[in-house]
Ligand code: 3PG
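Before any questions on how it binds or moves, here is one chain, the form predicted alone, in structure tokens.
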């Protein structure tokens, strides 16, 4: 499947303040869920590789919801990277970072948003030329105070905090200048997915799209 165009991961932040972190258990949910998010103003979708239908769901969304920018979450290996690229994903997200994973993403032309939680991990990713990083698990690793501390030695780095982000604390993270977007799972709760309440998901997406506005 051909991807529309190369993507710089930092461009993802230009589409809105929140990237939903999505777990899909039923393939039939994929397309209506994606359409519901897009209708609410959320176009960048991270579908995690945590279920047997994940890759098929990514393929379906990429093919049937052209307004969506589909990415694969939970990349851990070169095989994951290859599979994500093959089904039409335009970017990848990983819980951590290794040089092998970064090389695989380069080889397959899949832009990577890698996970980091410490200064050493930020330095490792920076050495590989990466400047936009997923801060994970955001609240567990130190939250806003740690991100403020990292801003001193790493003024050239931008972050997407993910892990423990909710509507109640998202604005606190988005207020930090080095935070360009946050990742969160609250936009596609299991109860709404199981009920097929796509209008409810659109409502959550609209509220998330409004976060951080002056």
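Please read these numbers as outputs of a predicted model, since none were measured by experiment. Positions refer to the first chain, counted from 1.
Keep in mind that the form predicted together with this ligand is not shown, yet the notes after this line are about it.
task = Consider residue 136 of the chain shown here, and say whether it contacts this ligand in the model of the complex, taking contact as heavy atoms within 4.5 Å.
result = Looking in the model of the complex, residue contacts with this ligand include residue 136, since a heavy atom lies within 4.5 Å.
key: Non-hydrogen atom contact residue 24 with this ligand in the model of the complex at 4.5 angstroms   = Residue 24: no, not in contact with this ligand in the model of the complex.
inquiry  = Can you tell me if residue 188 lies within 4.5 angstroms of this ligand in the model of the complex, counting non-hydrogen atoms only?
reply    = Contact with this ligand, no.
task = Would you please decide whether residue 148 lies within 4.5 angstroms of this ligand in the model of the complex, comparing each non-hydrogen atom pair?
result = Result no; residue 148 lies far from this ligand in the model of the complex.
message = Quick check for you: of 26-34, 174-182, 53-61, 159-167, which stretch puts a non-hydrogen atom within 4.5 Å of this ligand in the model of the complex?
response = Only one stretch passes the 4.5 Å heavy-atom test: 159-167.
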